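Coming up is one lone chain in structure tokens, specifically the form predicted on its own.
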């Protein structure tokens, strides 16, 4: 067997180094979220974040520069993860000829699961605590997640309207109202995330939301009963 060339060894080392850097970055972001959520931005020490991530304090600064940048990058990473989960839930709303109420209830339930995820609650609480000092965090959460999920939901509702299954000339408004019918009750039931809401209760919320939604937007009275 011929020995590995120096060029091949160098390429492998670079690849391993890149993977190691990505792993460290992910570990730092996960640790930062844990510490920020637990202690708040002002009290969160970079040394504590580094210890939580299992890296040197200097490594945190090498990756992110300062604590403010780390906070923003933490929110951006959380937003990306939340977007993926929420879009997967919205994609379940496809017109395959199934019963409309059942499809909407299924999507509503999965959106509520995303909304009630522990990390999702923690992110919203952290946003509320730090928004006065860092108002741009709202742009990250709103622009990267909430608006894009609402737009995706509006697109699905528009398709249902074109198929004659919903009655709306403003799918974006319908999507906003559907989301509000889901999140409003669960905010109260969960006491803003301090109480676990079991799946059976989430399904009840989703069912009630769909019932009200179809009263307003169903194309056929039979589907709104």
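In this text, all values refer to a predicted model and were calculated from it rather than measured experimentally. Positions refer to the first chain, counted from 1. We call the rigid core the largest set of C-alpha positions that still match within 1.5 Å between the two forms.
Beyond the structure shown, there is the form predicted in complex with the DNA, which is absent from this document and is the topic of what follows.
Although the partner is absent here, residue 203 lies well away from the DNA in the predicted complex, with no heavy atom inside 4.5 Å. Taking the partner from elsewhere, residue 165 is found to have every heavy atom lying beyond 4.5 Å of the DNA in the predicted complex. Proximity of residue 192 to the DNA in the predicted complex: non-hydrogen atoms within 4.5 Å are absent; the residue sits far from the partner. The DNA in the predicted complex is not approached by residue 26, whose heavy atoms all lie more than 4.5 angstroms from it. Residues of just one listed stretch (155-163, 59-67, 177-185, 193-201) have heavy atoms within 4.5 Å of the DNA in the predicted complex: 59-67. Comment: the DNA is not present in this chain, but in the predicted complex one of 37, 31, 55, 172 has a heavy atom within 4.5 Å of it, namely 55. Contacts with the DNA in the predicted complex, taken as any heavy atom within 4.5 Å, map within 32-46 to 42, 44, 45, 46. Superposition on the rigid core between this form and the one not shown places the CA atom of residue 58 2 Å or more away from its counterpart.
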